[in-house]
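Quick setup: the structure tokens below cover two forms of a single protein chain, split into structure 1 and structure 2.
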Structure 1
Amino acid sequence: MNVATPHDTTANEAQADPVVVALMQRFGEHAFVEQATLIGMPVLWVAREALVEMLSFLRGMPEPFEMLFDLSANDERLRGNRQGLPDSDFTVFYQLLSVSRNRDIMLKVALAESDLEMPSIVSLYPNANWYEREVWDMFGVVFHGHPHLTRILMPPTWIGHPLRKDHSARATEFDPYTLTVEGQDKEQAALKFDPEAWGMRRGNENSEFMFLNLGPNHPSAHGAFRIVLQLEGEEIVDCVPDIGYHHRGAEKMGERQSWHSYIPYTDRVDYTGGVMNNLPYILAVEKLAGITVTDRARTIRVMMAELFRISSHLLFLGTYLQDLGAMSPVFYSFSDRQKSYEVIEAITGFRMHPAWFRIGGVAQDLPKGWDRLMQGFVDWMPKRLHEYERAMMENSIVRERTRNVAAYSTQEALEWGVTGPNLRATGCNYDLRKKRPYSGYENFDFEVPLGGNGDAFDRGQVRIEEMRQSLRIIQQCIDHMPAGDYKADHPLTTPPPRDKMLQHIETLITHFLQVSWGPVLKPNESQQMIEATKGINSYYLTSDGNTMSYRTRIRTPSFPHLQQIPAVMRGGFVPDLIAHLGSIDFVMADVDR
């Protein structure tokens, strides 16, 4: 088992890595420059001309890097601390994940501002399609060979590339917004779907195809999501997902908020996940700060994260079955979800968005009686899950609507960047809580539920089983909650207790600076991946020695999950698409950020 550690990945360590050794043997020791980071994987700067060949080598080696986990960029022009790194105005990075090796590797390519061009890798990794579009949209990097390089998160009429450092970040930095009748007509025309631009025909020898907009206001679209269907009768010939209606610049906001004050913004990414969204961010910050968290704080985090996993899965289950035409389940699941929120509110003071985790621990200690409340919920849920299974998943109509519908294999899931329950429904036993334990998960006894067919039914069944395992983890937290402090005693990011602050002037100064200005973290890069409610979520942070992040990259699971829809649904039918959309379990804030 390869557990990510918080120390630097030095050049010597990277050279000892068998994958790096294999790359040296194949391409020579001068083919890349190694970067020491806190990311926890080899980070190699490679020449643009060698990128595709190197990725092909990693894709085809024994125990290959089957998944393009993330692809994004960084505007380096204002970064002051780049000692030892290649000259670069913009950097494009590729993070590859090998399930068979349980390892990652990151390749970086340096670009000059006057030459923002890259080769597309869609032929190697099909899920690179949307990631390359996002990099073009946000940074203006052109990918040659891309099948359809257009805006993806911003409107087609947008001017500029928002994640560049010279692009405005706040509404007050823009001219006042006005929309004339002429401007409205222009925006409406830009939204009109052009089949030919996507390589689609308007008909065949026998019939004329119909193009139908599903969303962005349809209830089964689960948010502001539009998917344009090319239909022959009820059969889906092809489809084009259209995202970005919920985009609000979550990564850009990270450049304007202190390390502490950005925590509430993470709650709003997967807004059904609550503190689960705080966890990868604060773990990445703690790597940068060199903080070791107490056992009590780690256990509290696990307990609350798993409680939110149950809450999120209950929301999924009710709306999923509602999409299939069952009206009652959503009322039952929301009633049980309310019971989880009563416990969450009693402990954190909030419900959906508590923003309760802190750098170094949690906001406050568990209140008196927390164990009684939590135990009541743990005792209540098992019989409810049994009832859901009996009345819903064993229902013949549900089975007919979901068995063998929108099925895909493990290989196809990895090619499209699918993670979490949707990957495990194919039978792939890959859960970061087991494979790369974080926050103390290695101390808990639980199983990883798996499916076998990778269809819509298995995706629902796996989540019911996951709720049972989450209850099992929470019970262990109740029974074995460690004593001690709920946050680390670390002056860099944890404000001193108020009673000490009122007695010592040095402590008062430290407290004032931490609250008003925030901590200053040394220049470095760190990343943390976690098994979130909908799949693997990660935060990749770049510190330039300031009170805020220089670059905050959020890799969400729902983004690649929606990209896979056309590959799964071609040749299917509209009712099957509705069942598939419900079985994915996504929220658009998690897609669009």
Structure 2
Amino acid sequence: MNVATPHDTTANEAQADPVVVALMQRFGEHAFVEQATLIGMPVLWVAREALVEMLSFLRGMPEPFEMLFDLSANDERLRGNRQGLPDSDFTVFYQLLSVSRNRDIMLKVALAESDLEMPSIVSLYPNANWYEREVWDMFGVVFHGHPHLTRILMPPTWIGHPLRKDHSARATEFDPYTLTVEGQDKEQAALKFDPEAWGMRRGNENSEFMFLNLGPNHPSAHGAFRIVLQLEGEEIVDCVPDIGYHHRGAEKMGERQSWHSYIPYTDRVDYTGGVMNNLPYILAVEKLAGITVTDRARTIRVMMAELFRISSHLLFLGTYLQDLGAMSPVFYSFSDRQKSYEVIEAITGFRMHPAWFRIGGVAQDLPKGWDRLMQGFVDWMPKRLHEYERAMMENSIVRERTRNVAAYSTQEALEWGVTGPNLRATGCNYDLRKKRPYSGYENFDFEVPLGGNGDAFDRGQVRIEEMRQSLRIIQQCIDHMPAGDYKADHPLTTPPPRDKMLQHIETLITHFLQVSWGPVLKPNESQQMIEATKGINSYYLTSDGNTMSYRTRIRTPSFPHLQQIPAVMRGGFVPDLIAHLGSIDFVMADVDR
């Protein structure tokens, strides 16, 4: 295989993977082709006909792969460097996660352009439903056996499949947008919900159902999110979430921005997470570039990411309680957010979207006096958190509204791809910072807060506790911030260290090339998962040896969280749905990307 790998042992290590051995014993040696990548898990190309059987084997084996972590595709028609890989115009990939094994595996299926058909795996993994719809929407791959294969991100009236390489990327490549009276009526008609199309009945023997359209603009929907409820009185018989009102084409954008200039776009994916979003992307790029960053840079990254986790959880807390009808918490928690922004702004120079991490380090060293400022915030927060707990989480109304509301078990959570605090609220101890430490998390002393009931209350309580743990991590960063450079001394560090650039002609040339064209990364594939504010966020990058990514796949936690809503809410009441929506902690940019 001619795919570049930094260590030749990568493929051999993967060979020894017990799961691959088990697959080989069951399906024979020729059932798959193994691809050597930097993804950090076995990547197996399998035949379309064998896919379902293999997935059910993995789903059913002892210590199974309980979660379909990601499912998407790649238009490979223009990819130059794919020696040794099976011929493919479109590749559909399935990434599975086993919590019990703490391992992953990726299966890829090659498809010819003339034959874009796949079997649906919805019966095996229920959360494949939306992912398959997304692949249909973005690439035009048909999934046979899918219960309702329609567009999910683009409007129903859209023509074309945006993530195909022959689809225009820029809005300015199309005719300028106009909205006419007639067009408005047409679009509004297309948005009308048709229960029959979803196989829903309009009534039963006793009563006629009401269909309530909540969104795309509703105060408790946290952005442009729509959910249609089928109601019998106050009870939710069924519901259909409708997304795509916030699709900013972040994945397509990755195909035209250089590795460096894409960083600001990552900030805006989970827009309450700030630099937390930079982290998985930067780490994946650094894997491709083979950069090892300095201890100082790693610690600064952890500190800023945890600060944003607190800021995001504060926003969650305020809005979650506001959705339950408590008006004042949002005023308290936003005052605290303002305090966190004062620190963030002093260090990064920006509030919400600093885009402050760089390939090979961070944008700047910490300013003089940062520790005093940060310490002030860390000292301020604990008494506030205590106050929130006393005033809000111990409030009997909040408890009545959230306890045993929208509860689900660990098993259900894994089936639906739920990660992060929402998974840990069910009692499942799975936090990537502990299970697969990245960026130096293994050096920190902190605990993973767990819930027990998996209800809306636990989801709130777990987050309050998580803020305490983040404060602990930040305190350790303040106390033990390593000295040294904030950028790695590596030719692909972008932009290169400034003092060096001003002295050294080679570095100056590199600097010029990196900011005019962008750094060039060797052809390969890499991926990084992190424990982001809302769950596991990962960037799966495919480099074709260019200044830009060939394919950027962003797996966001909120997407499966919203998909799970009907499974949780059937039989619930409308106010419970509002409590549930508040407790999920999603932002639409993190769903639609």
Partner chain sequence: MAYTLTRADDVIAADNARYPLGERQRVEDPLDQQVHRSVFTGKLEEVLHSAVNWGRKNSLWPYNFGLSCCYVEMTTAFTAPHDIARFGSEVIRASPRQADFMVIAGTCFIKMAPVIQQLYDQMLEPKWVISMGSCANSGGMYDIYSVVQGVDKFLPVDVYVPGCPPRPEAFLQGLQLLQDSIQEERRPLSWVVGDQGVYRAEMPSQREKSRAQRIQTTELRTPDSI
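We call the rigid core whatever largest set of C-alpha positions still superposes within 1.5 Å between the two forms. Source: prediction; values computed, not measured. Residue 1 is the first residue of structure 1, and the numbers go on in sequence order from there.
The form predicted in complex with its partner chain: is that structure 1, or is it structure 2?
That would be structure 2, which is the form predicted in complex with its partner chain.
Please say whether, between the two structures, the C-alpha of L179 moves by 2 Å or more once the core is aligned.
Superposed on the core, L179 moves its C-alpha 2 Å or more between the two structures.
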